[in-house]
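Only one chain is included here, represented as structure tokens and corresponding to the form predicted on its own.
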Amino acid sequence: MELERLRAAFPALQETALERLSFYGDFLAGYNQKVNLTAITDPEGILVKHFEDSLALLPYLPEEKTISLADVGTGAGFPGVVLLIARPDLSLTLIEATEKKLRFLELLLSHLSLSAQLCHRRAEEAGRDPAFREAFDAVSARAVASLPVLSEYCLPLVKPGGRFLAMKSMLAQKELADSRRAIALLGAETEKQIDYRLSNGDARSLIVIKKISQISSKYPRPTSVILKRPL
């Protein structure tokens, strides 16, 4: 991936970060030829739909160093690894249920000389584990599930006072309306919704949900129950 194009797209990033993004794009495209990780493999698509979209979360992460971030259903590392490239001070945990994707992330992080905790589990399993439950300052998720379902996957991982950052399409307004009960039951409240467009014109929405209090031990429920009877 051409550095000049990355410099033009992300002028605020340091050169080391741009070089890492350049490697990431090329490595992803090459690896995807043998292991299906993403449908978006052209350089411009990776830059805009993966890198630019992921970096939209950056202003909504607390500025303190050593902030802990869990990226749920991270897939090929979006947005988690892109945010780590921009902010290497993050304490990042990548939660992913598909082993082949974690293998890719392990190799990618090694090549980038970056470190993150790799968690080979489903989100609801991590949410019941004392090592992960209410352990993170921020939790992100992108294109994983509808917001009522996603909230039960992610909010159990967020510390009281922390934030859940849900990356959605412009259908977010309806999903948010459908999620009010779930968000309240999970000890949280919606803080803001930010609508934006990528440089190619695609519409996106970021929903910031603040965790107010600890939640009942009955959440998260098993996946089959979450999907059959969303909160």
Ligand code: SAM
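On a predicted model such as this, the values are computed, not experimentally measured, just so you know. Start at 1 and count along the sequence shown; that's the residue number.
One more form of this protein should be noted, the form predicted together with this ligand, which is absent from this view; the next part is about it.
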Is there any non-hydrogen atom of R122 lying within 4.5 Å of this ligand in the predicted complex?
yes
Should I95 be counted as a contact of this ligand in the predicted complex, where contact means heavy atoms within 4.5 Å?
yes
Residue-level contact is defined here as any heavy atom of the residue lying within 4.5 Å of this ligand in the predicted complex; does L109 satisfy this criterion?
no
Interface membership of T74, this ligand in the predicted complex, 4.5 Å heavy atom rule
yes
Please name which of the stretches 127 to 135, 141 to 149, 84 to 92, 110 to 118 has residues with heavy atoms lying within 4.5 Å of this ligand in the predicted complex.
141 to 149
Using heavy atoms only and a 4.5 Å cut-off, decide whether all three of H50, K101 and Y153 touch this ligand in the predicted complex.
yes
Residues from 194 to 228 in contact with this ligand (non-hydrogen atom within 4.5 Å) in the predicted complex
none
